[in-house]
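Take a look at this single chain in structure tokens; it is the form predicted on its own.
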Amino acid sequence: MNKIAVFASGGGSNAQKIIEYFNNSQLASIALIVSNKPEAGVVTIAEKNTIPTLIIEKEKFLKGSGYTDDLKKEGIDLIVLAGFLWKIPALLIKTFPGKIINIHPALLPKYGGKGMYGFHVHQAVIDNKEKESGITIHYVDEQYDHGQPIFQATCPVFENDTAFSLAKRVQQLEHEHYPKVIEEILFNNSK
């Protein structure tokens, strides 16, 4: 059984969908929720689902061990970023090579990088009069939103869209596709 650690900084809607998806799975379980915010909604979701939580501190994460020992002790096989806003340190990437994935609310390589998250992304897409947006699921490397893409899905951008209305359509894509792509990655890794 593969053990997944979900990293999230916010409300946790993607984490919730991932937890539900793998609830009765023979392939994987959500073994740990990691957050940099003790008051984040994802922490409440973890408690409701009796999933252990690790609250991380910035200095130790970015300049210390990256919590690699904690993750190894839990036997984590895959790290899934689901709205986690800190850059992943090189030590963590080196410890889990090809085992950290992220979902980004735009079609990378456009609208990625530092500061490009949430409504900032959607507003930039609208301001540039793009005709479509979507999601990119990708492996994590040392640069923001840069690693090798795994999957993309698109949705239209309408003339009267706001960052909020576009965010809702993009989030639907996230909820629909992220758990399935995680499953596919784990299935392929177990062959």
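It should be emphasised that the depicted structure is a prediction, and the values quoted were computed from it without experimental measurement. The first residue of the shown sequence is 1; numbering continues from there.
The next section is about a form of this same protein that is not shown, the form predicted in complex with ligand GAR.
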Examine Leu92 and determine whether its closest non-hydrogen atom to ligand GAR in the predicted complex is within 4.5 angstroms. no
With heavy atoms only and a cut-off of 4.5 Å, decide whether Lys99 touches ligand GAR in the predicted complex. no
Residue-level question: is Gly12 within 4.5 Å of ligand GAR in the predicted complex, judged on heavy atoms? yes
Should Gln171 be classed as touching ligand GAR in the predicted complex when contacts are defined as heavy atoms within 4.5 Å? yes
Which listed residue (Ile79, Ile88, Ile103, Leu71) meets the criterion of a heavy atom within 4.5 Å of ligand GAR in the predicted complex? Ile103
Is ligand GAR close enough to Phe151, Pro179 and Glu184 in the predicted complex that each of the three has a heavy atom within 4.5 Å of it? no
Within 4.5 Å of ligand GAR in the predicted complex, counting any non-hydrogen atom, which residues from 124 to 150 show up? Asp145
